[in-house]
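So this first bit is one chain, no partners, the form predicted alone, shown in structure tokens.
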């Protein structure tokens, strides 16, 4: 769906992107990660021609983006940024409707689409009449995502979209966006410097340094990375623990019928992550947890060896 081939972009004597090659499959969520100034945002913006590369080629659906007029190209690609960029003189509904109106979509269809997009990001249609100044940071980010999705683009470019909100709101937005992505299967290029965010969201992660892509792989494939090289150093020694946030307790629990009852064991929900389970085991100094289902009924047990065993499946 998106292919960057040998992209080079310089600003004066500084080379922001230095021969980057990357391919993103249809429906894939690829996270670009790396230290500040490594070229992540510059590379992302070559996809919608907000930045023109000095050399190299960007392809969308097999066609070079330079063959598209910039305005036409951008109408077909959703774009979400950290500062949101809502138009202050427009209501929330008008902000969401901007691109559909530019595309000439029927007014009645636009109104229905605005309501659907707001509901998709967890806001009721009544929010349509509010003004951007009345929104919290998290609410504004939700509206920004709704606006990017309103024209039903096949591609989303997201440049640190949740970076300006508090940590709790950020985690909620990540979870909501991941749920949306599982329903809509957009092709997403997502920029962040947050390793936890990359692990939580990505189908594949591309690590950048000094304008180059050093490695492009699934989150699980990074587990065995040598901690002494740059990629391992950047991801951190905690990466092996953070990767457990991608797995649910229900995936590895032992059914209650297989083992005896342990009434003294702390309990955890089946939908909790293995990272949460490991944290609870460490905090309570136990090697076994009782697992409950969504209604609080005992569903089984989880042992430390079950958690540690998930790493064996990693390359």
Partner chain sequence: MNDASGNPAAAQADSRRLRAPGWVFPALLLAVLILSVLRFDLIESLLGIRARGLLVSRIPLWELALQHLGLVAASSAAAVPIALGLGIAAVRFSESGLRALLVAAGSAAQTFPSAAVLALSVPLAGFGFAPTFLALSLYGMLPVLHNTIAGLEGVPEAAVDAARGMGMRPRQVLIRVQLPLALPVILAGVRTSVVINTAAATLGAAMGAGGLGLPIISGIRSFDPALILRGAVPSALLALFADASLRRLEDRARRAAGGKPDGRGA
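Because the structure is a prediction, the values reported are computed rather than measured. Numbering follows the first chain given and starts at 1.
Beyond the structure shown, there is the form predicted in complex with its partner chain, which is absent from this document and is the topic of what follows.
Q: So its partner chain isn't shown here. In the model of the complex, which residue out of 170, 74, 186, 209 has a non-hydrogen atom within 4.5 Å of it?
A: Of the listed residues, the single hit is 74.
Q: Taking its partner chain in the model of the complex as the reference, which of 98, 244, 195, 140 has a non-hydrogen atom within 4.5 Å?
A: That would be 98.
Q: For the interface check, one of 272 to 280, 31 to 39, 286 to 294, 44 to 52 should have non-hydrogen atoms within 4.5 Å of its partner chain in the model of the complex; which one?
A: In short, 44 to 52.
Q: Would residue 108 show up as a contact with its partner chain in the model of the complex if we use heavy atoms at 4.5 Å?
A: The answer is no: residue 108 has no heavy atom within 4.5 Å of its partner chain.
Q: Is the gap between residue 162 and its partner chain in the model of the complex 4.5 Å or less for some heavy atom pair?
A: It does not: once its partner chain is placed as it appears in the model of the complex, residue 162 has no heavy atom within 4.5 Å of it.
Q: Is the gap between residue 81 and its partner chain in the model of the complex 4.5 Å or less for some heavy atom pair?
A: Residue-level check for residue 81: yes, a contact with its partner chain.
Q: Could you tell me if residue 221 has a non-hydrogen atom within 4.5 Å of its partner chain in the model of the complex?
A: Contact with its partner chain, no.
Q: Hey, which residues along 110 to 141 are within 4.5 angstroms of its partner chain in the model of the complex, non-hydrogen atoms only?
A: Contacts from 110 to 141: 129, 130, 131, 133, 134.
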